[in-house]
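Form predicted alone, single chain, as structure tokens, below.
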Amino acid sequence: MREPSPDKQEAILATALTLFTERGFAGTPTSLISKEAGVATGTLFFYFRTKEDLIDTLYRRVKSEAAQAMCQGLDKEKTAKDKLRRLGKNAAGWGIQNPAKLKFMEQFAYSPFVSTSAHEEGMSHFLFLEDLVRDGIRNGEIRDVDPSGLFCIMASALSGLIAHALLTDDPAEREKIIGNGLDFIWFGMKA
């Protein structure tokens, strides 16, 4: 049996990311992914049994990467406000550096093409947010509201904030946009 090549698998995943965000799931045949990745279709199926398996793998990976980026340095912050601000800056920075991955996450967040198990695993990477919000509610820093609804509002606000920040190439202007946006998000959440 031949050994898997990480380079080929990475090429397939990178190509699939680009094509899925440009063309959607139905508009992206595996033959096109293979062709654009420079591998045979049989090679694609060596790494991913089905197109659904490919999208699930990509979804899990992107969600994990985003969550890891978001929680960097949170343990250094003391208050819910500071933790949420750090989280927001991390999320914005990751989204600005990875616009295709952000678009993929948004595009497939509620997609029937991503399996239930992949959705659940993807969301499991963000469980730390629930603890953060519940601690903030318990400490009287955050409004006593349903955390899952708050997450939806935060995710939408951060998505819009990142999209707005991507409209400029000026780092100072981006920082200002992100700072103002994070202030706005915090004022909507604080107790």
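Everything quoted here is computed from the prediction, not taken from an experiment. Numbering starts at 1 and runs along the sequence shown. We call the rigid core whatever largest set of C-alpha positions still superposes within 1.5 Å between the two forms.
Keep in mind that the form predicted in complex with a further copy of the same chain is missing from the display, and what follows is about it.
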Does a further copy of the same chain get within 4.5 angstroms of any non-hydrogen atom of A37 in the predicted bound form?
no
Proximity of G42 to a further copy of the same chain in the predicted bound form, heavy atoms at 4.5 Å:
no
Using the partner position in the predicted bound form, report whether Q107 sits within 4.5 Å of a further copy of the same chain, counting heavy atoms only.
yes
Though only this chain appears here, would H164 touch a further copy of the same chain in the predicted bound form if you measure heavy atom gaps against 4.5 Å?
yes
In the predicted bound form, do Q68, L132 and I137 all put a heavy atom within 4.5 Å of a further copy of the same chain?
no
Just one stretch in 29-37, 119-127, 42-50, 148-156 has heavy atoms within 4.5 Å of a further copy of the same chain in the predicted bound form, so which one is it?
148-156
Who in 23-43 is close to a further copy of the same chain in the predicted bound form, meaning a heavy atom within 4.5 Å?
R23, G24, A26
Rigid core fitted, is the C-alpha displacement of I177 between this form and the one not shown 2 Å or more?
yes
Superpose on the rigid core, then tell me if the C-alpha of S31 is displaced by 2 angstroms or more between this form and the one not shown.
no
Using the rigid core as the reference frame, would you say F151 shifts its C-alpha by 2 Å or more between this form and the one not shown?
yes
